[in-house]
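A single chain, nothing else alongside it, follows as structure tokens in the form predicted on its own.
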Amino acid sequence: MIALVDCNNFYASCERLFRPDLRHTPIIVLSNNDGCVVARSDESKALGIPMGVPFFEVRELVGRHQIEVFSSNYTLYGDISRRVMEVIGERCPEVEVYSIDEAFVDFSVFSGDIWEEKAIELRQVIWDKVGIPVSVGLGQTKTLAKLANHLVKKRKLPQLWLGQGVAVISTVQDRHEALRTVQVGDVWGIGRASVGKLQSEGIHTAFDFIQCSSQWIRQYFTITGWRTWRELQGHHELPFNPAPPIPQSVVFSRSLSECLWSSKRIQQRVKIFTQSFAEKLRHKQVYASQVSLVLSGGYGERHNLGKRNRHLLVPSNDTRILLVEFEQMCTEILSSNPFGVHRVTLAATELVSTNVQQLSLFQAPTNHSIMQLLDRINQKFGRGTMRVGVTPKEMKHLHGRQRFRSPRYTTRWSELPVVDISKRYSVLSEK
């Protein structure tokens, strides 16, 4: 049995954690540069605010319904996510962190008669220790666990619920009933492009999908679709992996607060983003063998796009090495076709684990302890305390426009809430 623990409206829940006055207030969270909506509370969903809509399109609706608006605060969200995963890991020996707000838990290590009790207890202890509401779905496979979680979030099939926020698909009858309730487009692993193909064949529910023959699935779907089809039938096709595999790629992409034409200012942004990009590679414990830079034009320059690739002689995640490579690529792009840049994307492919690195006969290996020290200093004294080739003043451009960002309550001493009781209560001295 596998459980999926999923934080409910995670970004909005993190904002409410230190603002209990917003417990029942509609909330939306905006993307980088406050561009579009990336998260919504249940109250905002009920008001009809769609996911990904540009903020300017719903500004009137926000004012009319007094919706609270927050800029994305990824420092806060990442720290709260770490706390949630630590609580899960303390009570469950086998945990696979799937995303910032989701984790698969192997319940087969527990006896079957306490699965329900463990799921309810896990949900409650996360709320008690962290203050984040979660939903728990249990199923024989990862896909069925995801399906059970979907049902409890959408408040469907209450007969499968074990209590508030917990649902289980255990028997064949439960599975078939759940599959008949869920639309095929809501199944984890089935993309939008596949939905139209399935519906044209008269396949509208997940139950219709599992009725297809294996030959038809293999003919019209990729291996991912075939594995989803098997998982919905109760067969384990997606292995449980507590140690995440090496990613295929790492991408760092940001929209700029304004369209930049100055080569110097564009180079500056690339250097700033390289800091976080290299840090992201080190966090994932990988070296990049190939890196690429993409500069995209603004709203009136959408046809303009410049891209360059570099193959590194020795795979690296060293900020100093990556700065040189990205600066050269940026110069090449802008010298051949200067245009207004509105988005910068840095990517790494052909990744290798930091435990295994092929050295070169023609290049001396770099001292990785310097970057480790850099990361420890930034972790202890705050992100951006020490950078390579970038001043602290320039680092303010990393996150772009954040007009509605909440304080980073858990990681910055300077942003902790301050309560001054002397203004309301007089202090009586002892006689």
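Note that the structure is a prediction, hence the values are computed from the model and not measured. C-alpha atoms forming the largest set that superposes within 1.5 Å between two forms make up the rigid core. In this text, residue numbers run from 1 along the sequence as written.
Here the subject shifts to the form predicted together with the DNA, a form of this protein not shown in this document.
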The listed residue (Q358, Q215, S249, N337) that reaches within 4.5 Å of the DNA in the model of the complex by any heavy atom is S249
Picking from N378, S31, T366, S406, the single residue whose non-hydrogen atoms come within 4.5 angstroms of the DNA in the model of the complex is S31
Answer range among 167-175, 84-92, 181-189, 326-334 for contact with the DNA, defined in the model of the complex as heavy atoms within 4.5 Å: 181-189
Contact label in the model of the complex: T224 to the DNA, heavy atom within 4.5 Å: yes
Would you classify S200 as touching the DNA in the model of the complex, given a 4.5 Å non-hydrogen atom cut-off? no
Can K280 be called a contact residue for the DNA in the model of the complex at 4.5 Å between heavy atoms? yes
Does D318 reach the DNA in the model of the complex if we count a contact as any heavy atom within 4.5 Å? no
Has each of C36, F56 and K146 got a heavy atom lying within 4.5 angstroms of the DNA in the model of the complex? yes
Judged by heavy atom distances of 4.5 Å or less, which residues of 75-111 approach the DNA in the model of the complex? Y98, S99, D101, E102
Comparing between the shown form and the other one on the rigid core: C-alpha of E350 shifted by 2 Å or more? yes
My question is whether H283 is one of the residues whose C-alpha shifts by 2 Å or more between the shown form and the other one, given a fit on the rigid core. yes
